[in-house]
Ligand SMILES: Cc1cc2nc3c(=O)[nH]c(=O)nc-3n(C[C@H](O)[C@H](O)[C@H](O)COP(=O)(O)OP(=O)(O)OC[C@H]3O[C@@H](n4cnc5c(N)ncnc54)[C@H](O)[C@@H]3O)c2cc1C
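One chain comes next, on its own, written out as structure tokens in the form predicted on its own.
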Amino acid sequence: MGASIAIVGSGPTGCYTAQALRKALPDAEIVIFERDPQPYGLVRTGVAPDHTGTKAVTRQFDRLFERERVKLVPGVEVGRTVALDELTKAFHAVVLATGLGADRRLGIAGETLARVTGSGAFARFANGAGGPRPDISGHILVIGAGNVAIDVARVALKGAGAFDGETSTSATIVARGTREAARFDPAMLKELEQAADGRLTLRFGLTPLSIRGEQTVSAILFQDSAGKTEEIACDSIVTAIGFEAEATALPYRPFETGAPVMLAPGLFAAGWFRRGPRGTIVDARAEGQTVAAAILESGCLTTERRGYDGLSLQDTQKALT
């Protein structure tokens, strides 16, 4: 029997790893396990719904499953639906590419109030992927200094995706650092400012101290570099400060500070699971090639394995409990 490789996670890095492996091993059995009912991770749920160019990468991933004989098994959470040990015994190589799925928290008082949402949860709803509906009425305040903050403000002001017909009246983007240090794409920022037509305010050099409100958010208290405090009123808050590890049943925790590609013989780490929430889809492609090369060079493909048929899964399509 030929090589059998399992990839845990169908985000960009997982799919690019499968793509590189298929090219190198045309006859190998490649199986991608995905916790969600649908594939592609943050490309499907985390990218703004009006970013059609970025989302178009999923078409080449579709070809993996339609033409390249890569098997997708959705609705399976490794560590819960099937044990990682079972995978490593059944497959020559197992790649952990689960990513980081939780919004990073501010760590300040008041962030559990109603109408405070992380950008990941905001994007999931905007993409129709479920979750509670964020309230974007009135004035929305977005905390972040990158393109995700721009995406959130744009979607809120234009009512894109699942927010069709519902818009914020105005938006403020607040960053801790200076304007020069912000990671905004200049073209994206210019487009947003033009589309906002005076409804967008940018503030820099402000650190959030606490979120004010009784049942729901009413304002947020900031401090500038000189120690002066300022309260900015708002009707809702979206934090766009990155992602962190969520609760997982895997015996390995995601490595936000980086980890080797090979964790143990036959077990590999890739993508944000390995190196933390850094990098773009272009980086994911390069990493997929790196992980595929590491698998080929490791010598783990020579032993006898049964692959997918060796698993005890009875109903791999069932919903998680």
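Predicted model, so just to flag it, every value in this text is computed and none were measured. Note that residue numbering begins at 1 and tracks the sequence as displayed.
Not on display, but discussed next: the form predicted together with this ligand.
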> With the cut-off set at 4.5 Å between non-hydrogen atoms, does Ala294 touch this ligand in the model of the complex?
Replying inline: no
> Does this ligand come within 4.5 Å of any heavy atom of Glu34 in the model of the complex?
Replying inline: yes
>> At 4.5 Å between heavy atoms, is Glu77 in contact with this ligand in the model of the complex?
In response: yes
> Quick one: is Gln60 in contact with this ligand in the model of the complex, heavy atoms, 4.5 Å cut-off?
Replying inline: no
> Judged by heavy atoms and a 4.5 Å cut-off, are Pro49, Leu64 and Gly288 together in contact with this ligand in the model of the complex?
Replying inline: no
> Since the chain is shown here on its own, which stretch among 208-216, 107-115, 146-154, 222-230 would lie within 4.5 Å of this ligand in the model of the complex, judged by heavy atoms?
Replying inline: 146-154
>> For the stretch 219-250, I need every residue with any heavy atom inside 4.5 Å of this ligand in the model of the complex, listed N to C.
In response: Phe243, Leu250
